[in-house]
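Listed next as structure tokens is one chain, alone, in the form predicted alone.
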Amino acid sequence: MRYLPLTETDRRTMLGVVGAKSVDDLFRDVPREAYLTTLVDLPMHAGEIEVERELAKLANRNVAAGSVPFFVGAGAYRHHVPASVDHLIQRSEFLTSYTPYQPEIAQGTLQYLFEFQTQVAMLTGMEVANASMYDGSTAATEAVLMAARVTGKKRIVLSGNLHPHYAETIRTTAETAGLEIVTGKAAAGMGETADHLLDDNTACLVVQNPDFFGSLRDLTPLSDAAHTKGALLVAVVTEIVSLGSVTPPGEMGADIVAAEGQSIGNALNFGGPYVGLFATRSKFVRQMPGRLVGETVDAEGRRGYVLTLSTREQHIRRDKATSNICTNSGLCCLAFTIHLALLGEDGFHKLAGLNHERAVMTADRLAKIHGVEVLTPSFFNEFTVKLSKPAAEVVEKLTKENVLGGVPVSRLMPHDKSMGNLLIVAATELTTPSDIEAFATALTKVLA
């Protein structure tokens, strides 16, 4: 019973305390169709060596991102992370620190969180940022909940061009929070913004820039439209490097910015852990979720850092908490802070410029291929193309040519049949001219 330390008596006692008749009662919110009816197709037990070998065989079926020309994006991006970042975050004073429950004795942790907040506020063009969140999608969800608290309204309008995973995360939480979700229709190219769905009962309009299809847009008219209806504008950014070239959301009238910071300091890592960025206006700071580190002086006038706001339920009474976020992805935001500090302002702008340059090179080359139409008129490092064949099939065939050629829109929007031939293509500073030519050659062959 090495891994099952509780006896049957222990289990009955625990169930009695919480008022459940059986363990199954604890999972009553899980839809019945999600339950397994049989055991999974795995051996009942195996030794450690056997398990390692089996997992290695499964892993070898993957095509690693760095092993072939790579054009996958759609919310997670392959960028260069300097070796110094990983070296520094693995120092014991960083690696072993976690939540500053006694913040006054964790000055080093508080200082880098303060620097992180400053960086995020500057990048997004906002007045205040928190000490990070789980990831971009949950940060967007927290932004929606915050907007509902600020406005006292329950109607949430989502742009149809919001990343489907972000939209789904918001819907999952909204279901239990009593919020009404209204979504615009997705459209590639300049797309749809859903501002026509705003009314006087709307708490916020959530729009992504660059959007899911890669399109860039001016958020100012959307901000004006939202504010006219007494709603807030929530801007979502999935590619934080774009803010090295694109006007920050705060300068275009956004009230809350929720972003994914993975591109800076954090490798793809099979999907996580990532780091959520969250920034807002100073007037909304008391409704901001997460934690806020501030700078002060001690009794002798020396500079110090304090946990100014702790709005999560672990720190204050649950009914006063603005969020139940239980961590701030501390090590990931430290990696973000170190990488951005190494780049500096000029380096960050140059990195963004290089990303855009490589994306333009890629789009121009693909546009010359028969059966390819570039749909995105204005983009940063990601754009959408329409193929003469179903994109999912094309991507599968491209892998046989040792090219990871992007993300089929149908993979993330499977119920929209009009998206079947659309492919989202991303290029970063790691994309070389030879990668672009290999992609073009393989795509020409597959579409022939």
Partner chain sequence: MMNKQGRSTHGAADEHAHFETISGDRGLDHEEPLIFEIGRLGKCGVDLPEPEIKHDRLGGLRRRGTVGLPGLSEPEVVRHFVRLSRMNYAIDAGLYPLGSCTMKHNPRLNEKMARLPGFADIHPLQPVSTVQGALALIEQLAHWLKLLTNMPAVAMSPKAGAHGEQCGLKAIKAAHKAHGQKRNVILVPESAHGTNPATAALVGFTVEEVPANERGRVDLAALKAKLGPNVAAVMLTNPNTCGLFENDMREIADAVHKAGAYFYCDGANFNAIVGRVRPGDLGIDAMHINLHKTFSTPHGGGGPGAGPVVLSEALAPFAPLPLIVHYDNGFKLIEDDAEAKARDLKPFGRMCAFHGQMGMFVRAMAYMLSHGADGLAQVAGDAVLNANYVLASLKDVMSAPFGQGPCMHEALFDDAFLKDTGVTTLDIAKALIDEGYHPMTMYFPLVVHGAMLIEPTETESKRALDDFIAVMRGLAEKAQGNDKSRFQGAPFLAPRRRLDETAAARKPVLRWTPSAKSTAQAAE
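Numbering follows the first chain given and starts at 1. The model shown is predicted, which means the values in this text are computed figures rather than measured ones. Think of the rigid core as the biggest set of C-alphas that the two forms share within 1.5 Å after superposition.
One more form of this protein, predicted together with its partner chain, exists but is not displayed; see below.
Put simply, of Asp224, Glu180, Glu373, Glu127 only one has a heavy atom within 4.5 Å of its partner chain in the predicted complex, and it is Glu127.
Residue contact check for Leu6: one or more of its heavy atoms lie within 4.5 Å of its partner chain in the predicted complex.
Contact check for Lys185: no non-hydrogen atom falls within 4.5 Å of its partner chain in the predicted complex. The closest non-hydrogen atom of Asp10 lies within 4.5 Å of its partner chain in the predicted complex. Put simply, Met122 is close to its partner chain in the predicted complex: some heavy atom of it is within 4.5 Å.
Heavy atoms within 4.5 Å of its partner chain in the predicted complex are found in exactly one of 152-160, 225-233, 194-202, 346-354, that being 346-354. With contact defined as any non-hydrogen atom lying within 4.5 angstroms of its partner chain in the predicted complex, the contacting residues in 280-300 are Val285, Arg286, Arg291, Leu292, Val293, Gly294, Glu295, Thr296, Val297, Asp298, Ala299, Glu300, given in sequence order.
After superposition on the rigid core, displacement of the C-alpha of Asp346 between the shown form and the other one stays below 2 Å. The Cα position of Thr9 differs by 2 Å or more between the shown form and the other one after fitting on the rigid core.
The two forms, fitted on the rigid core, differ between the shown form and the other one by 2 Å or more at the CA of Ser22.
A shift of at least 3 angstroms pushes the Cα atoms of Val30 and Arg155 further from each other in the predicted complex than in the displayed structure.
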